[in-house]
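Here you'll find one protein chain in two forms, each presented separately as structure tokens under the names structure 1 and structure 2.
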Structure 1
């Protein structure tokens, strides 16, 4: 019995160590939740919005960045995809039927093997077969409108004219990735202004709390000239009033979403007290 207990304790300890390591020894990354179906409002779409939609799809639902990213070397970079398209269509290895840039990009996505960028083909296929999936099918399942949005984005990215047109038939319910990014992990609330300022690196731009940033106004006596309402607004909507001598658009417009109301108020109180 003694042996039995010893072995039991030993085994439980081992299991505990493994579990502990998996929980605390490595960063806990929450996998992105499954994509949610959402309606696409094509009627009221401007080209800017269409490009923005394309960008979101590119980074999210389309999972393009899984392969098309600068570090993995698994797929070509697409910054100039729209500019090199005409060269590609001239290439002797080109198997497709596209005659315009838009058609070429469209084809690249739904029939990737029509042209395989040299060096990126499936192993052993001698660049005749693309490892890229048909993104209109299967697991990715982009719709026609979504593919066009991505083309708009790619053309914009390459700095060329966007020649793809926004589809008008606000046809069936299209899917859009709502939660491309993993939802922000609930962060423990910070309880001192100093902690907040450190966390949100205000000191990189401002002289405040012992730090000496010089991109934005000096905040060491800000409470003497600004009231709480003003300060709150300058955090929530930095461009509402732009401090004299400074450029608009420099101060990040993120604090309204990234701080809790309690944190924001604490910070405002703190700033108002700096006299």
Structure 2
């Protein structure tokens, strides 16, 4: 009986120490609210502001720099996209219906396979199929106004006249002072890893969750070789540990601000379980 009590007391002590360390010794992650989508005030938008909006979308929500960057070499550079559009529409390989630069740039984002720049098609497709997803659908989900803002940015980036029009489907701003409106509600938190992977288009670059992206490392068994700390760091700071055979700067470092802490940890747990 005495030995039993000793074992019991020792067990309770160990459990207590472990619980105390778990609660107070390990830094706690406070769940952050899901990010808020930018509200478009098109009625009061000047062209300069529209171009600036396009730049923010290009570098943020649109995830364009994920592939169109100077170090990755995974997609063509877009600094001259507006100046080469006319030439590409005349190319015999062009399968689209655009007749203007604006139409071509719009089409290239929603129907990327209409024209694939040589050397940037899916493997085995002979440059007839683009690996790029339709950015107006899926996890990226750019609206018509957002697509046109990016076109304005690309035209300005190329040094050409900005010929895209700012959409007029919003009421013009009233001249008189208005009561400040509350900020827009944040998006609903995602509650499954598959929903996160779809929302942030992980499968466009990685093999994961049944998707077959070939731009980034294969994640189908990543949990067998990488622990949670590595996976978390890779999501928050992709350039901290670059996988062999890949270059720094290919993956954007935006997920720490676009995902809530709870979503991030859910994705880390999911990836760690892929063994």
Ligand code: HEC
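Heads up, when I say rigid core I mean the largest set of C-alphas that superpose within 1.5 Å between the two forms. Numbering follows the first chain given and starts at 1. The shown structure was predicted, so the numbers you read here are calculated from the model rather than taken from an experiment.
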**Report entry** Structure, 1 versus 2, that is the form predicted on its own
**Finding:** 2
Requested in this report: Examine residue 49 after superposing the rigid core and state whether its CA is displaced by 2 Å or more between structure 1 and structure 2.
Outcome: no
Query raised in the report: Relative to the superposed rigid core, does the CA atom of residue 235 travel 2 Å or more between structure 1 and structure 2?
Result: yes
Requested in this report: Using a rigid core alignment, state whether the CA of residue 103 is displaced by 2 Å or more between structure 1 and structure 2.
Outcome: no
Requested in this report: On a rigid core superposition, how far has the CA of residue 223 moved between structure 1 and structure 2, in Å, if you could check?
Outcome: 58.2
